[in-house]
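Take a look at this one chain, the form predicted on its own, written out in structure tokens.
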């Protein structure tokens, strides 16, 4: 039977390094994967390329073995079913999954590291070359790439909606085809999240959150055309949502458990329209019910203070609170920088127009030509400043936004652990009451009441043991999820920083090139 656990008092936590919690574990994995699916016969492991997640950086999400000298034992055989009855029982080790499915970091890095091949509006349109999108895999390797493209408005007026083409390329045997293109609505993405959250959140798994709803932006698109009148570009809201949906699917595909989930595979390969996820509407009855449930959970979080039994969770909670606060300050700074560069681009364009008007009224031929060329120069500089602002937003700001959303998911799984603890404590309290009842009946000589009371004691003893086991399982799952979260966070930020620096250096090279090109025009004024 389980006993109550009481948390020791902790010293004040202080962590100035955002990435101090990242753990690098070198593993030499030797595992065989046997997939019981006719489509997957003959699968063999591959040698991971340098830009993929290496085995040295991966964590076994499901191994219960103890660590020996900081290295987990990964030599157990793992079997992966196409339709697993218990996905947590036979899920593949992340090392084998990432080795077989080269989505890993390359796909996510490609998503945020595309500035070198993009033109003035490439960030806004999300344009990438095929070489950037497709992950190169060895001949015997397995891979999966996902992209969301071609937003289209269906219908007119307030009843209209947007659809997105989800393009998947893979040679994983669990999928029916190697290349799939399906059309999905935004509500389909929300429905996928609801299914995954219902299955995995209460087990301590970090289910990525989909992009937030935007009633104002959606209404504007519904009441206007699907594209702006200026050059046929997509509205900024639509492009931002498209990019966010793509990042959302990639984060799901990276996770070794969600990657093989039947609902996720159905989302990617079912060509028919999915059942309407009507409960995702903010104004539906289910939406209102979810709102009240969240309010109730918020009150519970405030009212109930769990006596923490594991110092690790107390430290992690404080660290994540600090990290969230730092992310929010950085997000606000990036929003200010983005606005500043937009204003600079607008002012540069206005200056170019003024110089063009001045050149038209200038009688001196040489000076008029120099002014006209300077006007052209400022038109080019406007594009460079827009590129810089797009890099600020799509490379850094959106990454910070995604991780703030993931930190919210971490809080949710922490709360699920608290609920498991409450269930355990309730079972213990009920067990104590049932035992008191047995003692009372025995002391009063009520033999007819003793036997049923003892049966209830046995029943609640089983509930206590079961709830304690569930609490231990979710605690262990959260620890391993956060280990993977830390590793992924460091890799994501490294890729984003390199991409951002390359974009800014390219912008500065363009500025220098434009001014150097103009210099002969200024010297030619006679």
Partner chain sequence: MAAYENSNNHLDVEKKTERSETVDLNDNTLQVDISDALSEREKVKFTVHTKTTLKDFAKQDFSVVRQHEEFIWLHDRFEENESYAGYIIPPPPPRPDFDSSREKLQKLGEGEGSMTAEEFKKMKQELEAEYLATFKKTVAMHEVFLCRLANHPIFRADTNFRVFLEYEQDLSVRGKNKKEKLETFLRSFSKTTDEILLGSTQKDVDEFFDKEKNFLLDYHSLLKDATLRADKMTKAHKDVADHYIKISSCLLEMATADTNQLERFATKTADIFEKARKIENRVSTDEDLKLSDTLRYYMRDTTAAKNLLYRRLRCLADYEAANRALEKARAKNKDVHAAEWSQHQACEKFEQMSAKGKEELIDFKVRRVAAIKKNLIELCELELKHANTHSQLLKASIVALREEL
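Numbering follows the first chain given and starts at 1. Because the structure is a prediction, the values reported are computed rather than measured.
The next section is about a form of this same protein that is not shown, the form predicted in complex with the partner chain.
- Checking 401-409, 164-172, 250-258, 366-374 against the partner chain in the predicted complex, the stretch whose residues place heavy atoms within 4.5 Å of it is 366-374.
- Residue contact with the partner chain in the predicted complex: residue 327 places a heavy atom within 4.5 Å of it.
- Proximity of residue 480 to the partner chain in the predicted complex: non-hydrogen atoms within 4.5 Å are absent; the residue sits far from the partner.
- Within 4.5 Å of some heavy atom of the partner chain in the predicted complex lies at least one heavy atom of residue 490.
- Using a 4.5 angstroms threshold between heavy atoms, residue 213 stays clear of the partner chain in the predicted complex.
- Just one of 223, 432, 358, 270 comes within 4.5 Å of the partner chain in the predicted complex, counting any heavy atom, and that one is 358.
- Note on the partner interface in the predicted complex: the residue among 378, 184, 240, 397 having a heavy atom within 4.5 angstroms of the partner chain is 378.
- Across the proposed site, 310, 457 and 466 without exception lack any heavy atom within 4.5 Å of the partner chain in the predicted complex.
- Contacts between stretch 429-455 and the partner chain, counted in the predicted complex as any heavy atom lying within 4.5 Å, involve no residue at all.
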